[in-house]
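Next up: a single chain in structure tokens, the form predicted on its own.
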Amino acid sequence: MNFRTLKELSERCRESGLSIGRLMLQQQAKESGREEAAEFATMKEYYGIMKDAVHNGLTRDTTSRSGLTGLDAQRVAAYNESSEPSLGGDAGRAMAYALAVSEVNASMGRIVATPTAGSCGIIPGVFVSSQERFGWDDDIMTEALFAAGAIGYVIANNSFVSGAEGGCQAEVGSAIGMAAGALAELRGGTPEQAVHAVGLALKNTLGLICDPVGGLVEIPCIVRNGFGAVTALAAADMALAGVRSVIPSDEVVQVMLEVGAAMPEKHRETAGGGLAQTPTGKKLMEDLRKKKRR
């Protein structure tokens, strides 16, 4: 890649006159040795899987094998339709879609890790709901996935995207930043605005621990995906309104690295602390162990 930081990414776009998504497609094709059309076709297939996961999460039984989670996306979707939600229709839809994909993951369905399975609902939640709202076709959404990929590439190479390494800030936080930056570009923002959206998003998740109950990607992972989709929408809107990340986005990424490295091991996907070690969390874990012994 001809960029290593978000600042360099923005500069390469300005120099070339390309969007973040188009620049990433060009660079990925160069690195892989494949034609751009082939890279684009593969990414478009991934987007199709994301849309299928949204649909499946809203229409099928997503009860997980543990029995701890499932069907919350359908509850939220029904509430959005039958009541006057505080959040509002479009944001509520993004939240429901993000929950849907995360529940498909927990129930052993097919998803795309973006950037991980634990954060797989955020980008589809934001992308599919926005596509329905604004009428963009799949090619536009596919190019936006390359934009999200460029942002994820920078984060992964300068910090973490793994909860085991850097806590949930690394998984859910990175996904929120990727979705926010890509959405800012989709809505007509400049590469600079997209980069500010990333910084604004990441700031809001710094220090978020990874504390899955029973070591399963269910509690609290699924609801964090729902909240994450809403945060991504907010970050994109702030950036498009002219709000800037006063701390440069690359510095925010470095802070995420610093915070993740300092995070106790019990708060990094080990189920040794946080919600996993509450009285209820421990009881759920013990109940699951008893089930396995039967």
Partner chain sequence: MRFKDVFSIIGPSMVGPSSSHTAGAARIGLAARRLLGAMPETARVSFFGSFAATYQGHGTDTAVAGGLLGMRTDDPRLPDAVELAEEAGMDLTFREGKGLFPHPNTVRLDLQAADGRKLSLLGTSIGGGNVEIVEVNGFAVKFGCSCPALLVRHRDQPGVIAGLTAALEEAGLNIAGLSLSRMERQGEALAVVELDGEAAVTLLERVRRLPHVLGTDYVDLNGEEEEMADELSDAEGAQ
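Only a predicted model underlies this, so the values are computations on that prediction, with no experimental measurement involved. Numbering follows the first chain given and starts at 1.
The same protein has a further form, the form predicted together with the partner chain, not shown here; the description that follows concerns it.
At a distance threshold of 4.5 angstroms between non-hydrogen atoms, residue 56 is out of contact with the partner chain in the model of the complex. Taking the partner from the other structure, the partner chain in the model of the complex has a heavy atom within 4.5 Å of a heavy atom of residue 42. Residue contact check for residue 23: none of its heavy atoms lie within 4.5 Å of the partner chain in the model of the complex. Residue 81 falls outside the set of residues with a heavy atom inside 4.5 Å of the partner chain in the model of the complex. Checking 156, 87, 140, 223 against the partner chain in the model of the complex, a heavy atom within 4.5 Å turns up for just one residue: 156. Residue in contact with the partner chain in the model of the complex (any heavy atom within 4.5 Å), chosen from 200, 106, 73, 172: 106. Picking from 89 to 97, 132 to 140, 185 to 193, 208 to 216 the stretch near the partner chain in the model of the complex, with a 4.5 Å limit on heavy atoms, gives 208 to 216.
Taking the partner from elsewhere, every residue among 31, 113 and 149 has a non-hydrogen atom within 4.5 angstroms of the partner chain in the model of the complex. Contact annotation for 40 to 69: residues with any non-hydrogen atom within 4.5 angstroms of the partner chain in the model of the complex are 42, 43, 46, 49, 50, 65, listed in sequence order.
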